[in-house]
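Encoded as structure tokens, the following chain is the form predicted on its own, with no partner shown.
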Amino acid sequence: MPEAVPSRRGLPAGRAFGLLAAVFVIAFGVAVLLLAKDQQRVIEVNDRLQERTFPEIIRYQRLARNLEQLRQEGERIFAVSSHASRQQSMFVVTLIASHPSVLEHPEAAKLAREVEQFLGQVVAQSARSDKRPTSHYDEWQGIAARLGILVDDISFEGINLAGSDLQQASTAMNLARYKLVAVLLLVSLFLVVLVVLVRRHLIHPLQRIDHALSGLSADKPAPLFNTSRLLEIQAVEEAIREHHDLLVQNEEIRRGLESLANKDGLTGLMNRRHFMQSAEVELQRAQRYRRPVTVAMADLDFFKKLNDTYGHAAGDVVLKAFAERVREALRQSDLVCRYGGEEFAFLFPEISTVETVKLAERLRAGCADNAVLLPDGRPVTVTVSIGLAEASECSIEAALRHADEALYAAKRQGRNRVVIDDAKAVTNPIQENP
């Protein structure tokens, strides 16, 4: 007889996942229905609180507030010495005693009428004198005590209205909490079974992909993968390779944008933000090692007049020409930026203020001795005023402020000159033709 072939036991993966999902959906659906029922109970209680209980509580609170004010006005009648003030308080007492919230409550209405009659008699008896009515105060204390007790009773009565509804809501919420825990346990069980079933087929390939992603960088070569039999995994691996290519392209674009963000669009010099950051670092280094450092502020003379006369296009040409003079006159280690408009800021590391004067004078002379050709071919000479300040013992902001003061001193002394922060001119003034 031929050998019997052992029969295969178990379920196909699709059917196993289907049965697992069906059991989970049924159990989860039943739990959700039970939770929905509890939620409906809470909603009903909430609606009852909003539509009936809360308005009642508010009505009781309003009544208690009115009775308390009634008591306070009674106290005021006995406290004030002016008959006019007692009449005013009596008027308020009359209004409160006739308020609808008071009239709706029999006990409160009865006591309010009693208070109104009693205080009315007191005010009438004291009408002929401005002295305080003290003869009836002991009797008033008894009435006021009754008002206080009634206010407390009404307040407690309003609070107790919500007790039953809140108890029902609390019971429904506790049941919902237990059912929610059961749902969470069910979901946890399903997740555990699901993880066990998919680990061998998906987790290991995903771990290889995660390792590749953790080391993905534009500075490293594209990751290499063993060809997977799953089309989905192949698609992810291909997407990672494409992502690496995008990282390389984005890094190149980022470096270009960073260069644009750090430079002034017109002159190509540093912009103010980048200059302040770089100057702060350089200044801290110089102060740490006790090295000399100087800052300067420069301003093109009569630049506004040039703009008004020749137009803003001519002003842009002059600013570009000045930036070129700066590159020619200064050292490679010097920092310079367009600080704003026609104003420029400088930082000269490893050089004292006196030595910086030579560089600044070279820049000033280069501007004064060389005309700039405007777009229409006309030459124009634009001079520059420069203020210098020593910065080895102060912040960059303070140093620039001193340099700016020296710059204004140069303007006051006739422009086209270099001035240090002690307001002494360092170069011979050269008058500029306005």
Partner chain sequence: MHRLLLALLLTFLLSFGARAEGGRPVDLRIVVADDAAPLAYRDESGQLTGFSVEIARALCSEIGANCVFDVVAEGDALPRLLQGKADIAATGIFETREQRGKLIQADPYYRSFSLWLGPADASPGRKGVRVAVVGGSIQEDYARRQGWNIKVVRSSGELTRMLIADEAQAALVPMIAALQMQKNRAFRGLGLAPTVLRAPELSGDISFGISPHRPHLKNDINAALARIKRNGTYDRINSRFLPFRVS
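None of the values given here were measured: they were computed from a predicted structure. Here the rigid core means the biggest group of C-alpha atoms that line up within 1.5 Å when the two forms are laid on top of each other. Numbering follows the first chain given and starts at 1.
The discussion below concerns the form predicted together with the partner chain, not included here.
Among the residues 398, 26, 36, 58, the one placing a heavy atom within 4.5 Å of the partner chain in the predicted complex is 58. Contact with the partner chain in the predicted complex, judged by any heavy atom within 4.5 Å, is made by just one of 103, 192, 149, 281: 103. Only one of 402-410, 377-385, 26-34, 61-69 places residue heavy atoms within 4.5 angstroms of the partner chain in the predicted complex, namely 61-69. In the predicted complex, at least one heavy atom of residue 88 sits within 4.5 Å of a heavy atom of the partner chain. When the partner chain is considered in the predicted complex, residue 96 lines it closely, a heavy atom lying within 4.5 Å. When contacts are judged by a 4.5 Å heavy atom cut-off, residue 145 does not count as touching the partner chain in the predicted complex. Put simply, residue 84 is close to the partner chain in the predicted complex: some heavy atom of it is within 4.5 Å. Once both forms are overlaid on the rigid core, the distance between the two CA positions of residue 278 between the shown form and the other one is under 2 angstroms. After superposing the rigid core, the C-alpha of residue 287 moves by less than 2 Å between the shown form and the other one. Taking the rigid core as fixed, one finds a CA shift for residue 338 smaller than 2 Å between the shown form and the other one.
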